[in-house]
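Shown next as structure tokens: one chain only, the form predicted alone.
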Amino acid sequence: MYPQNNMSFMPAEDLLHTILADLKRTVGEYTTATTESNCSSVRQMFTDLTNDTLRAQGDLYRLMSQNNMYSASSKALRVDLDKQIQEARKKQQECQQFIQQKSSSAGGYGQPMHQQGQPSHQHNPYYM
């Protein structure tokens, strides 16, 4: 099926870069599938696939880096990283406050978000 000699359809470095890019894309798709899954077993399957793909991507990156096939971007300044982390934490806190506020008050249409006696996940398509 494939030639047995060292001739290939593209140089190894180009092939590895293509595989690495595909692994990165796949992780994003698996992450999206994980967050959108409605079934706990499907969610776990996509979580496992995401973790396995991240390991494969990390292994391939290390191999390419050790063989000078991949050069990482320049190192970020610590102050820039700290600023990004602080902004992300602030955004997370704002989201949590918004959810808490909406959970404790009436819903968007004047109805309580969770009616007494019914599980809160009964009509929520995002519940696991």
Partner chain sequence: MQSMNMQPLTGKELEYIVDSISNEELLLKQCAATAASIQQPAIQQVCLQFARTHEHHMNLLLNALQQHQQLAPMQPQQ
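Keep in mind that this is a model prediction, so the values were computed, not measured. Numbering follows the first chain given and starts at 1.
What comes next is about the form predicted together with the partner chain, which does not appear here.
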Checklist entry - If contact means any heavy atom within 4.5 Å, which of 70 to 78, 96 to 104, 83 to 91, 48 to 56 contacts the partner chain in the predicted complex? => result 48 to 56
Checklist entry - Is S65 close enough to the partner chain in the predicted complex to count, meaning some heavy atom within 4.5 Å? => result no
Checklist outcome for this item: In sequence order, the residues of 33 to 63 that place a heavy atom within 4.5 Å of the partner chain in the predicted complex are A33, E36, S37, N38, C39, S40, S41, V42, M45, F46, L49, D52, T53, A56, D59, L60, L63
